[in-house]
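Let's start with one chain on its own, the form predicted on its own, as C-alpha cells.
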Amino acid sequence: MTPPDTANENGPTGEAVERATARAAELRDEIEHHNKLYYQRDAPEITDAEYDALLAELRDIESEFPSLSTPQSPTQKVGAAPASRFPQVEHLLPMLSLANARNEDELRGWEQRLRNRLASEGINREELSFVVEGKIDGLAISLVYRDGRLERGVTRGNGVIGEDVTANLRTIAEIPTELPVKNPPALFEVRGEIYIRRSDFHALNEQRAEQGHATYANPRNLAAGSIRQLDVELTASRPLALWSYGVGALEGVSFETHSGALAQLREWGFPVNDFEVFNGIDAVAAACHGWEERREALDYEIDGAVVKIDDSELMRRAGVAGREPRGAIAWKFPPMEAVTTLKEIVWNVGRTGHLVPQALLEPVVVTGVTVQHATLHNEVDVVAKDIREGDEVVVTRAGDVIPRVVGPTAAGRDRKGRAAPPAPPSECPACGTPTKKDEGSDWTYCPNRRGCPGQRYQAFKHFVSRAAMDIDGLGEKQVALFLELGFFNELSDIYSLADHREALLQLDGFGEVSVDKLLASIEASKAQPFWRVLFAIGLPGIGSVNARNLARRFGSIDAMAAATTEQIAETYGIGEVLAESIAEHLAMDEERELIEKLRAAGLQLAGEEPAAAEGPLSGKTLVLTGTLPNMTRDQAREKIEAAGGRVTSSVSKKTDYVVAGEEAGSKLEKAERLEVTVLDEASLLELIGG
C-alpha cells in the first residue's frame, strides 16, 4: 500500500496535493507581504537570501505540481503593485526580473537550457557571446526620451505598471534631460538603477548618528525611499546616482548587441558600469567570480553579477519564461547579511562623553569574517529600530569596516517575553560618574569630561591624530600603554614625555631610534597653527572647519574665551546652541587649566589665522572636491583664503563656487543640481589672478 503522503506510479496522492496546495498558498501570501514591504515601503523584514529561499521553494512546488502554477503567482510576476500616492504608468515594454544562479553548476545548467531553447528555434551556435556586468542593488527605473527630451521616469512597480517619479528623477545630476545628439531617435528608453554610493551613505549615517538621529538601514532602501518622496527638495538633498544597464522600447534606432547598446549609452553621457564580453561559459564563470572577489572594494552595493547573451536577436528568439527572460541570468553572491542573536547591549563612552551602544552577538560568519561585536550608532537608533537583548537580529558587513546591526528579524520582533527596551546607564561605565541628558538632547553623556578614563583615552587618540596635532608614532596602542603606565594623565603630559626617555627605552619595541623619532615628532607638533590646536583640544562640536573659522574670527584662544555667546554665534557655521556650548566649556576651570598648560608647553594659541584677506574672492564661499592636478587641497585652501574667500566642507545654495578635480564625488553632483558654478584648477587660478 502506498503511504498517504507519497506518490504512487500514477502520480501524487490526493493528500500530497492538498499539502502542496496549502504550502503554496502560505508561500504566496508570505512572498506578497514581503514584496509590498520591499517594493512599496522600502522596509524589508528579511534578507535577500531568505526571500530568494521562499521564492525557490514556491517555484519547486509549482514545478512538481504544475496545476498549482497560475499567472497570479509571485513566480510569474515582478515586484508589487505600485503605490497609490504617485501617478501610475504602464511601461512601454515589461520590466522583467531575472532568474538566479548561485554556483557554476546552476550557471552551466542555465546555459544548456538556453542552447536547447535556441536549438528549438533552429539556431545552433558552437560558441555564444555573453556580457557580464555588476548587479547593482538599487531601485530599477525606466527613463523615456521622446525626440531626445526626457518625457518621464517610472519605477519598476509590478513590471507592467510603475510609479511616475519624473520630478524626483530630474533632481539627479547624472540623468540627462536631453540626448546630446543632433538627430535623436523618436523614442529611446533607458533602463537603470538608482543607488547611493557607500561613501555617501556612511557619511550621511555618521552625521545622523553624531546628531543623535536614527540611522538608515542600507543604501538600497534609502535610495528607493528618496525617489518616492513627495517633497522634491528632500529628494534633491540625497546623494542619489544612476547606473544604466540597458535599453527598452526604441524607435529610430536599434542595436545588434547588448554591448553596443551599453556603449551608446555611455557615449551619450549615461553612467554605465564596467562590462565585458566573453566567449563561452567558462570565461563567464571566471568573470562572475571576479566580481565577487572585488565586491567589498566597490563604492556601491552589488549583490551579484548579471550575465546576458550579447546578440540582441538571440535574446529575442530565446523568449521569456514567466517573469524572466531566458537569455539572461543573475549570478547571486552569498549574502552580506547574517542572522544571529544579540546577547547583550553594552555602553561605551566616546571622546565628548556621549554614551555609545554596542551589540555583543552570538558569533556569526558574515562574508567570511566571524562577527561578535557590532555598532548600534546611538540610543535614538536603538529605539527607532526596536532592538533588544535576546532578539534575533540581522547583521551586515556591507562595505562597513565595523559590522552593524540592521534590526531585529520579524521573528525576533514578534517573540514573546522580549526584554525591556534598553536604556543608557545612570552611571558612566568608565568612571562611575552619574550620567546626564539635557532637555531636548538625544544623547546621554558623562559630564566628567577630563576625569573620565574612557573620555581621556578617546581625547588622546583625537589629539595626536593626523588631522589634529599629527604626532607620528603615537597610535592607539601607544596611547593606551602610556596611560596605563602613568606617563599620560592629561593632554599636556604629551609634551613632558621626554622626561620618561629612559623608561621608554626599557619597553618592548622602543629602541633609541624610535624613541628619538617620537620625541622629535612631539616637539615638531608645537609649530602646528592655532586652528589645529583648537581642533585637537576637542571641544564638543568643533570640527576642523569650525576650528578654522573660529581661529580666523577671534585670532586667539584668549579672545574666544572672553567672547560672549552672541559673538561666538556670529562666526560662520556656528549656531546659537553650539556657541553656548563653546562658551560654557571655555569657562570651565579644567579647560582653562589645560589651555594654560598647553601654552606653557609652547603650543600656538594665537596669531596663526588672521582675518580674511581682501581680494577677488572676498565674501565668496567655495567648496573643494576631488584631486587637483597641481595643488593639494591645503594649498588650494591657502590660495583661496589669501584671495579673501572662505572654504567650507559642504555644498549648499549659498555656495558660490565648487572647485572640482579628478574623482570628484557627490559634492560635484550636488553643485550641478543646485546650479552652483563649478571651477577646475585652471579656472580657480585665473579667477584669483594666478
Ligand code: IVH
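Counting begins at 1, following the sequence as shown. Please read these numbers as outputs of a predicted model, since none were measured by experiment.
The same protein also has a form predicted in complex with the ligand, omitted here; what follows describes it.
Contact with the ligand in the predicted bound form, judged as any non-hydrogen atom within 4.5 angstroms, is confined among 105-113, 497-505, 450-458, 129-137 to 129-137. For the three residues Arg156, Lys308 and Pro325, a heavy atom within 4.5 Å of the ligand turns up in the predicted bound form in every case. Taking the partner from elsewhere, Leu96 is found to have a heavy atom lying within 4.5 Å of the ligand in the predicted bound form. The ligand is not shown here, but in the predicted bound form it comes within 4.5 Å of a heavy atom of Glu193.
Although the partner is absent here, Tyr245 lies within 4.5 Å of the ligand in the predicted bound form, judged by heavy atoms.
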